[in-house]
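Listed next as structure tokens is one chain, alone, in the form predicted alone.
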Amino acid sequence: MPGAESARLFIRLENVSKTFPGVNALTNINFDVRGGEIHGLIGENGAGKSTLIKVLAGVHKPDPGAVIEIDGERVDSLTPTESMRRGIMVIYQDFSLFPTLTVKENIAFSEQIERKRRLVNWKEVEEVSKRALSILGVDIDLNARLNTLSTARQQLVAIARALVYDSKLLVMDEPTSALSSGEVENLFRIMRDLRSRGMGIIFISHKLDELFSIVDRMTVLRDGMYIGTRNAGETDVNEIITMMVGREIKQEHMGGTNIGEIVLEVQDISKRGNFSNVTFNLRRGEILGITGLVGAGRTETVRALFGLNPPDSGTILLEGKPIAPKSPAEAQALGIAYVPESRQTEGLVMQQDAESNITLSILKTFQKNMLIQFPERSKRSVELMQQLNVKPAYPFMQAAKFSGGNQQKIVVAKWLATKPKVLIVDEPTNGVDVGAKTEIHQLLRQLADEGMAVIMVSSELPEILSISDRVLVMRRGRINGEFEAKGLTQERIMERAVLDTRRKEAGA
């Protein structure tokens, strides 16, 4: 970024620590952000990123001895209201918007309330909202209810609301996790424009390729401690990964060692508006990767195998016998397990503890005379948590309090408890850090090598190439390519993901 080195510091943190009962969440953190820069904040789940952001937002008060300077002024007590007044706006992953209110109400109401107006000035609400959206260069119906908008457009509404507050620092927590590649590019365009206007942006993400394409500097935290800050143009992915995890992680192909007979056969299944004429097989001990662009029909296809999206036609064979699961309960009884893409909304009961989540799918096995045998249930949940290296291995800890990677392991544990023949995992490492990602890859490979048949849906091509034995590429609801994973390249996958090879081959 031109002039970044001489840009004025907007915020400076020095010696920031935060202690919760029994936990040092942050220890002597130093961190600063300049006006007109995009600063990446990186670290594994549990590294302290969220706690640091909540200190900036005034949600958490740091331990004594911390120094916080905003625009050159020392701030002794930072509350959420004071943080916003000084120009700091945090856009969390859930956006913190009101789904049943209109776009203009979400953008401008908070500012109207803060001015303590007894009556709403609707003309001003409309003008303020229009102005904020025009700065972003987007056109959204101001009268549309928020819950009718796509995730990408809801995110733009959240950014527009930040502009209403005349924000000087915008914090974006995993802003691209639910966006398509085109939506990500549009978001990056807006971020660059805001940077050119002098706004500082903190960008939190686990996607290192995106970080390197958009940030000016990046700061790495590990285990609640400051590891270092690097200029994006003066470092590389390997150095950042080493800083994040304290060790070097090598990407290599982990092929199967014990692939056996066919377990699952899918023959010409179709569902109107979802997928057409899908045919493939899956072998014992094999990881079958399924990839393609967003909307290609990947998730719809695997949900059909689990009884969540039954096909209109075609045949599914499990161990040579026709099956037609109409519900997850039927699929589970047949020996099929499914780890969904959204662990928080579909995979876990977030307010329940780890033990309750893990044993939910096999609760009947602990019943005796209509009573739950709690010691046996606790023993089984602890065994699975230890097997999957869930940290901390506290079965009575609420699922919402685990990091993203450990939440994902708990979902996998829940389905491993059923001892499935076929395990389907949809975007297994979405939103988890690079260290947890490696652990999940190794776990899936281990399960396959022990004889389980695994289907992995992923849009991350390095992940597909790393642990798959075979790869299916979907395009517009159809299988558009099938490859052995060893020696396969990302370029070849993308060619099948974006080009209609049937037309190309017909023309040849």
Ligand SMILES: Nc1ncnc2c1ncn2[C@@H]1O[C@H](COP(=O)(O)OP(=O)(O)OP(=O)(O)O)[C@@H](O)[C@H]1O
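Here the structure is a predicted model, which is why all the values come from computation and not from measurement. All residue numbers refer to positions in the sequence shown, first residue = 1.
The following text describes the form predicted together with the ligand, which does not appear among the structures shown.
Q: With a cut-off of 4.5 Å between heavy atoms, is Phe402 one of the residues that contacts the ligand in the predicted complex?
A: Although the ligand is absent here, Phe402 would touch it in the predicted complex, with heavy atoms inside 4.5 Å.
Q: Are any of the heavy atoms in Leu293 no more than 4.5 Å from a heavy atom of the ligand in the predicted complex?
A: Yes, contact at 4.5 Å.
Q: Wondering, does Arg153 line up within 4.5 Å of the ligand in the predicted complex on heavy atoms?
A: So Arg153 counts as contacting the ligand.
Q: Examine Ala25 and determine whether its closest non-hydrogen atom to the ligand in the predicted complex is within 4.5 angstroms.
A: Yes, Ala25 lies within 4.5 Å of the ligand in the predicted complex.
Q: Here the chain is shown alone; which of Asp216, Glu183, Asp353, Glu341 has a heavy atom within 4.5 Å of the ligand in the predicted complex?
A: Comparing distances to the ligand in the predicted complex, the residue within 4.5 Å is Glu341.
Q: Note which of Ser276, Thr102, Thr438, Thr299 lies within 4.5 Å of the ligand in the predicted complex, where distance is taken over heavy atoms; exactly one does.
A: Among Ser276, Thr102, Thr438, Thr299, a heavy atom within 4.5 Å of the ligand in the predicted complex occurs only for Thr299.
Q: Where does the ligand sit in the predicted complex: which of 363 to 371, 186 to 194, 426 to 434, 377 to 385, heavy atoms within 4.5 Å?
A: Partner-contacting stretch among the options: 426 to 434.
Q: With the partner left out here, if you bring back the ligand in the predicted complex, are Glu174, His206 and Ser459 all within 4.5 Å of it by some heavy atom?
A: So, yes: the whole triplet contacts the ligand.
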